[in-house]
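Shown here is one chain on its own, the form predicted alone, set out as structure tokens.
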């Protein structure tokens, strides 16, 4: 199957949601799932799910649904999770450490191979089996481990410099947790995850009268 077809970004962002549901169904021994059942589990409409999957081929039979293992494996291939993807975390504060520990334990599709910081009190310590290295080691490390993805959890004022460094070494995809709008080369994809603004916008719905 061809991978990385020109599907809209929103479709690509929904694929991991479907994968998480399918992983759970496979673990539970459920062999077939309908688009309606995927809709109930994901919150997306059955029509939307069928349209999303149609970007990559035909995976089900009308009236019988999808084979869960087959569809899971195809989505893994589409995303590119069928082969190891080495990832680094830049910023070993509380968030960086939490993300590293969580993904090491709970995300079988993510292979975090290095964590970096500049704090003398942090560099040299460990997160599980990973030794925290100085940022100056990034170029050598990225080349050695063929790293193409980075998670950025540094303060806003340091984020652009870090992004410049990792993209200059060949990183092509960035998940940014720094509260800053960052500039990247045209061939680099960046997703911003601003936890503060997400929480603040959520509080709107908890305010009496809303």
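Quick caveat: nothing in here was measured; it's all calculated off a predicted structure. Positions refer to the first chain, counted from 1.
What comes next is about the form predicted in complex with another copy of the chain, which does not appear here.
Not displayed here, another copy of the chain is approached by residue 179 to within 4.5 Å at the level of heavy atoms in the model of the complex. Residue contact check for residue 24: none of its heavy atoms lie within 4.5 Å of another copy of the chain in the model of the complex. Using a 4.5 angstroms threshold between heavy atoms, residue 94 counts as touching another copy of the chain in the model of the complex.
Put simply, residue 174 is close to another copy of the chain in the model of the complex: some heavy atom of it is within 4.5 Å. Contact with another copy of the chain in the model of the complex, defined as a heavy atom within 4.5 Å, holds for exactly one of 45, 161, 183, 64, namely 183. Of the candidate stretches 28 to 36, 64 to 72, 146 to 154, 45 to 53, only 146 to 154 has residues with heavy atoms within 4.5 Å of another copy of the chain in the model of the complex. Taking a 4.5 Å heavy atom cutoff to another copy of the chain in the model of the complex, the contacting residues in 170 to 205 are 172, 173, 174, 175, 177, 178, 179, 180, 181, 183, 189, 191, 194, 195, 196, 197, 198, 199, 200, 201, 202, 203, 204, 205.
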